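Consider the single chain below, provided in structure tokens and representing the form predicted alone.
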Amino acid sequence: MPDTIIEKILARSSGMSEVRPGQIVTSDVDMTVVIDVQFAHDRLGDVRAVHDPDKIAVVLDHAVPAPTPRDAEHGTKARDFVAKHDIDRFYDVGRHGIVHQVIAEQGLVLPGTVVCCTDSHTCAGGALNSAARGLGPLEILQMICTGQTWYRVPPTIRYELTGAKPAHVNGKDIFLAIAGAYGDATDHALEFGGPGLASVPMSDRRTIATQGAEIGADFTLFPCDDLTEAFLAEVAPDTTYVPSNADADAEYADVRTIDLSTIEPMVALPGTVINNAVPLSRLESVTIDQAFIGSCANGQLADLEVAARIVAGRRVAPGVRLIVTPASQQVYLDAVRLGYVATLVEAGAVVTNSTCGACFGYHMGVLAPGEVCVTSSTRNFRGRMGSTEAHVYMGSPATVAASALIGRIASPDELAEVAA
């Protein structure tokens, strides 16, 4: 029978010829990823032997460098764990970055594979045609020891993309347009395709895939096409993989057509993205205290390039903090070499080291009561970036950069109007 992307991957990983929605399968896991915060759980120290050290990666990302003694201890436990079990894929301080960025740029996420990590935004890997998903600490512990996990095969919602993405529109805008119009997708897989997909670069695909967690999707998947192969040829040139693309006559829970040419810059209002995103052009004036560019969703090199281009030759508005966090050390280094960091700092931004930091409200950019932030990070619910009395709006890096210059949530188009 014809299959969706997720049905093909879960069938392969479970050794079956086909699977169907609702079916429970036991899958072999191709890559299990452990992050620093999981070492808060003592059970990792009890592991006597891992199933396959070549299928495990350890990435320090959430609290790096360690801001507290407790976080420092997590790093010590991680180092002891990789030494004990001969794990080569260890990304310690200096090699680190936000886990989803690191495993993508290290070629650890490949088409047709199953990838798991405790972080909920592991679905970012779906941009590379992988069944990537965040799972709980005990499930990750099980995978480390057995190399397997189980899934209930989800029904799939297909987004058929038509038209061409406007140059000023980011993957964040595309996602927010979908979240605002269609709401949640709990217990479903999302699949993207169609002729318009060719106009969506890998950076935007990774943004869209990352954000799938915010509408409750189990997986967010893209096909393996020319752009995918070009990305992998750069990061993993000697790696072989088996793409898992949907059959033309696969069955879907719903098929929704999105004309990319009609997408405009979007903003999610505080609280949630589900049925809570509006076109920026319709937003009433919102004065901000902080603007944040970063996270696994929008801390990529392409995002920093956009921000640098917008702020070049300008200054951050008085009373506004612009904080920029590259998604990995490699992104940071590339941004330095290309001059993006100098441009951002000259404009008045603070460029931090790579970490999850402000995105999950832990350090390097938390909000005080009553403050307003416009962010390109992953979540905007109450208390996400600090005080429960702060207000978090979500937009693209272009929107965040322009807002930092004007002092209120605004689009880059308004910069010319303000200058005039």
Partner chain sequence: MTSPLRVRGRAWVFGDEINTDDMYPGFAMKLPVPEAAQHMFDATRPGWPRLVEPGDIVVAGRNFGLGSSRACAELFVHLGISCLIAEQYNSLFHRNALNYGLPALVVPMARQLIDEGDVLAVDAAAGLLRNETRGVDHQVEPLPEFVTELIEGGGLISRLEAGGYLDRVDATSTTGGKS
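Because the structure is a prediction, the values reported are computed rather than measured. Residue numbers count along the first chain shown, from 1.
Just so you know, the form predicted together with its partner chain exists too; it's not on screen, but the next bit is about it.
K.L.:
If the criterion is a non-hydrogen atom within 4.5 angstroms, does every one of 38, 41 and 70 touch its partner chain in the predicted bound form?
P.N.:
All three within 4.5 Å in the predicted bound form.
K.L.:
Please pick out the stretch from 248-256, 299-307, 213-221, 339-347 that is in contact with its partner chain in the predicted bound form, where contact means heavy atoms within 4.5 Å.
P.N.:
This holds for exactly one stretch, 213-221.
K.L.:
Quick one: of 287, 281, 76, 146, which gets a non-hydrogen atom within 4.5 angstroms of its partner chain in the predicted bound form?
P.N.:
None of the other options qualify; the answer is 146.
K.L.:
Between 269, 317, 236, 135, only one gets a heavy atom within 4.5 angstroms of its partner chain in the predicted bound form; which residue is that?
P.N.:
It is 135 that has a heavy atom within 4.5 Å of the partner.
K.L.:
So in the predicted bound form, is its partner chain close enough to residue 55 to count as touching (4.5 Å, heavy atoms)?
P.N.:
Residue 55: no contact with its partner chain in the predicted bound form.
K.L.:
Would residue 329 sit within 4.5 Å of its partner chain in the predicted bound form, counting heavy atoms only?
P.N.:
It does not: once its partner chain is placed as it appears in the predicted bound form, residue 329 has no heavy atom within 4.5 Å of it.
K.L.:
Do residue 368 and its partner chain share at least one heavy atom pair within 4.5 Å in the predicted bound form?
P.N.:
It does not: once its partner chain is placed as it appears in the predicted bound form, residue 368 has no heavy atom within 4.5 Å of it.
K.L.:
Check whether residue 191 has any heavy atom within 4.5 Å of a heavy atom of its partner chain in the predicted bound form, and answer yes or no.
P.N.:
Flag for residue 191 set to no.
K.L.:
What residues of 109-135, in sequence order, lie within 4.5 Å of its partner chain in the predicted bound form by heavy atom?
P.N.:
Heavy-atom contacts to its partner chain in the predicted bound form: 118, 119, 120, 121, 133, 134, 135.
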